[in-house]
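Both blocks below hold the same protein chain, though in two forms, and each is given as structure tokens: structure 1 and structure 2.
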Structure 1
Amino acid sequence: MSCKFVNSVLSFEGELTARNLPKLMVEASSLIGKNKPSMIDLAGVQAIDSAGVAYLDQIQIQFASKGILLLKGSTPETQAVIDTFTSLKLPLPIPVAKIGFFESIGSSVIEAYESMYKAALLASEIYYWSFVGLFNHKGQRKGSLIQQAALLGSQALPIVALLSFIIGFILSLQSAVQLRNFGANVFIADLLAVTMVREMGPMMTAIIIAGRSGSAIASEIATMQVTEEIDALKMMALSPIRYIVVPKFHAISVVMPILVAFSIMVGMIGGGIIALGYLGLSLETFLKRSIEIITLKDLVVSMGKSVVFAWVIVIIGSYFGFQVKGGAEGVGKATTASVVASIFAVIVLDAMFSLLYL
């Protein structure tokens, strides 16, 4: 492929295709310099593709202001490709209006308000149908509660146990070094019991459940939304909330306190290894002090907040699931958003509980 520029005529020879174009553009540009071609001769062009046509269009646009530029000598085949791929007849692209700074803040605020409103509406529906569902199982499949309890609860048991054990162990290990310096070895049991019961047990379990079960709820509902299963339920005169969400809501309300109790117990075992092995406490002292320091209020608040966390996880997972748009891509986004929002909500709520029940 080559080009010539003689007597204001720019001639191309060979293949005017995407493969040759980058080199050719440099060559043509240096040949033309500051002159203006009056004609483009395509007699020597053996093949042309859409990239070649786009380049011819570009030359024509570039020199259009300096006079009319003619194409000549093209074969019928070349002319057919030019006619098919020319961009000169395209409508001009409409410039996209840029959103201003304050407009973007405003729209974000409105969007956040609308999301909160929709989430509150969904939460009220879930609470209503969950309450109704306690007495009337119409609209729910038989065995769905047990199935969901197994899915959200028992299958989460190993990961909750493993992480709680590690947390109890680390907590105890870090504290033990400091307590030993002050000769306050015996307080390890108090510290561990209070931390596991009041904070780490409920919060860590909630975070694990948010990551594991919250994402599963969001992706399940989002997939059902994308594949029109939700619409199918509506057309069968079934409430999607009653059919899908209520069994999860009931199941998680039951299994979450159990998981938290289990997490506290395993966390205490993890911490106990350090207390007994590193600080030399007797098993009796460790158990006695652990039990004595925990009040009934601590246990009630711990279990209470675990149920609140569970509700928030289900509501947020359902909200993002039902809001999904845009196929498979939307499912992924809904799942991610639900996990982030659930974990954020769990931590904020935990802080509020801590302030209220110090």
Structure 2
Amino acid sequence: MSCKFVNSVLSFEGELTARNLPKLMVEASSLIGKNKPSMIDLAGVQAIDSAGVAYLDQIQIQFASKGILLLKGSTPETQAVIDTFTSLKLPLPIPVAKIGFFESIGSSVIEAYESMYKAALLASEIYYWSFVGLFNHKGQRKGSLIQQAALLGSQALPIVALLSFIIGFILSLQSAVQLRNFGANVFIADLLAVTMVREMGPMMTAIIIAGRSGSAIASEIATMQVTEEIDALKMMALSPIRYIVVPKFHAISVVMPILVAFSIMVGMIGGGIIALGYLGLSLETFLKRSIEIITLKDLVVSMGKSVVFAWVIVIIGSYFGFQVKGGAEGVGKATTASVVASIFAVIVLDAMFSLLYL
């Protein structure tokens, strides 16, 4: 393979292939280093491959800014290879305009509005089919309520009991140190009862359920979405919300108040150990003060909060599950996002309840 430069015409002879290119490129560079070719003659080229075409494209791009560089003399076979592998005929990518600051804010606002609209629409469908499901069990699996109650409720008892006991124990221990300095040992029962019933019991139970059961709800629905099981249900004229979400909604509405009551009881036991062992209160005094300080309003607010938290966890988990895109990575992202959003929503709602029902 060789090349020559005559009267502004760069001519190639032989095989313009990957095997000959390294030597040819050095030779051609020395010829066109000082002079600009106006034409490339391929009449002497016997064979060419994709590497040779790429080199011709490179030469044409190099001198394109200085004028038009033409190819001539190529045989039909050589021209066919060039037409097949050349990149000069490909459409140029359209540069993406940089999004400005206000445009990004507007886009975020629109996305937030669309997400809120979809979440509200999903919540309305869940509430509607949950109400209908109380009277008509068509479209639901037989025994699904008991199954979901066991999964969401009974299997969560150990972790709820452990954390509630530790919270009650630590809360009483930290409070006992201060109350003992003022001789107000008896008020440990009041403080613990009000705190566990109105705040710590419902909120901590909801956070545990959001991390344990909320993630399970989101991952289950997301997996069904990715594997097209949701589409299969629709093809069988079954509502995915009625078939999948409603049993979970009913089950968690029943088991959440039970878990909260259990959490309060175990937390009081943990705090009672400190009250009886560290502060020297009698069991009778501790129980009497705990019962007297709690009003019916406190119990109603506590149980009401637990039900609202349960509904929020199911709705958020279902929303992120139905919105998943992609494969296994999308399922993981949806699960993580649902847990974060559920915990955030629980804390915000708890703060709102605290302001409304002080």
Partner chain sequence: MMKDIQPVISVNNLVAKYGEKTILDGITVDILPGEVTVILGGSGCGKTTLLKNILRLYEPFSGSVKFWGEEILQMDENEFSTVLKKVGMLFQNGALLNSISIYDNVSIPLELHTKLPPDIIDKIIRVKVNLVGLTHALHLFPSELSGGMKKRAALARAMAMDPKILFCDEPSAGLDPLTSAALDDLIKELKKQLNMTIVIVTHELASIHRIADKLIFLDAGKMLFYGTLEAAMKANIPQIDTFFRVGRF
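Sequence positions of structure 1, starting at 1, serve as the residue numbers. Take the two forms, superpose them, and find the largest set of C-alpha atoms that agree within 1.5 Å; that set is the rigid core. As the structure is a prediction and not an experimental result, all values here were calculated from the model.
Of the two forms shown, structure 2 is the one predicted on its own. Checked against 296, 76, 237, 92, the hinge of the rigid-body motion between the two structures corresponds to 92. Domain motion between the two structures: the smaller of two rigid parts turns 42° against the larger, based on C-alpha superpositions.
Core superposition places the C-alpha of residue 96 3.2 Å apart between the two structures.
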